[in-house]
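Presented below, as structure tokens, is a lone chain in the form predicted on its own.
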Amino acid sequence: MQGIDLTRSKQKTTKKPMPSMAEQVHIAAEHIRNIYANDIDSGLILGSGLGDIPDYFKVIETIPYHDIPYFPHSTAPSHSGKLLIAELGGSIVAVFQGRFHLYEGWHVTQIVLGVYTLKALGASELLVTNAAGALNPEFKPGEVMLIEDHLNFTGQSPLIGQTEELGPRFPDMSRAYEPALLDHMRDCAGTLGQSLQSGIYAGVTGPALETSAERRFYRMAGADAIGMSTVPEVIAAKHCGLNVLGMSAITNMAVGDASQQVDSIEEVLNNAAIASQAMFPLLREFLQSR
């Protein structure tokens, strides 16, 4: 019986190292530029229940996320997973139809890859939307809240482990949401005669909705609305020098008192769709009036 030659050297397969965050951004941006060569003015991330853009966004290109190198794919309900290059009021807007969440299992740096890619494509600002529960008892489902600031309860940051390739190691977050953009959106609401709430957004990981005790705690901490997104993208945007405007579609009451009702994803999506009827005209006025 022929023996096995144990002296034969085994071929070793070496894994290619994952490119750095900056390299991933460059490769993703180059892929998009091969489809649409001009600069982007603004980025718009659409939250849960807000994925269907109105006809006044003139879509120029549609790029599925799975075609863009290193982009994750969307698994959350109502997040279709497409990047639209659209024109509105003379501005070129990169519209993210769907975002990525910590609760989907993505690493926090994967969640913000699109934000850094926006910067590489020439964008100067990020407009971020989300669906959020109302901690403030004065808010009602279907309303829109302008995000004045946020509280990061996720325990994570996309900047951990990064070098200074994409931005400063210690970016200032004291004005996370650009005051000039906040003022301009308030002016837009006045022009349209639309009511607009303002408040603090609390970001948590999910996917379990908060307990009633947690909701009361977040309210005591100063938050007016709560959701499972936005905070990582805003940190990354400020890190790379994008100005940020944030808006929440209030989808359910989350006050955690004796009257607290059971929440459902169906209710959240339905109320987000109602809020979108106020939110999209505000975004149109915002982009067209500058």
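For clarity, every value in this text was computed on a predicted model and none was experimentally measured. Numbering starts at 1 and follows the sequence shown.
There is another form of the same protein, the form predicted in complex with hypoxanthine (HPA); it is not shown, and what comes next is about it.
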Of 244, 235, 226, 46, the one that lies within 4.5 Å of hypoxanthine (HPA) in the predicted complex (heavy atoms): 226
Among 93, 83, 131, 115, which has at least one heavy atom within 4.5 Å of hypoxanthine (HPA) in the predicted complex? 131
Taking 4.5 angstroms as the heavy atom distance cut-off, pick the stretch from 172-180, 142-150, 208-216, 185-193 that is near hypoxanthine (HPA) in the predicted complex. 208-216
Is there a non-hydrogen atom of residue 231 within 4.5 angstroms of a non-hydrogen atom of hypoxanthine (HPA) in the predicted complex? no
Could you confirm whether residue 248 comes within 4.5 Å of hypoxanthine (HPA) in the predicted complex, counting heavy atoms only? no
Hey, in the predicted complex, does residue 252 get a heavy atom within 4.5 angstroms of hypoxanthine (HPA)? yes
Partner contact for residue 21 in the predicted complex: hypoxanthine (HPA), 4.5 angstroms, heavy atom: no
Residues in 30-49 close to hypoxanthine (HPA) in the predicted complex, defined by a heavy atom within 4.5 Å, in order: none
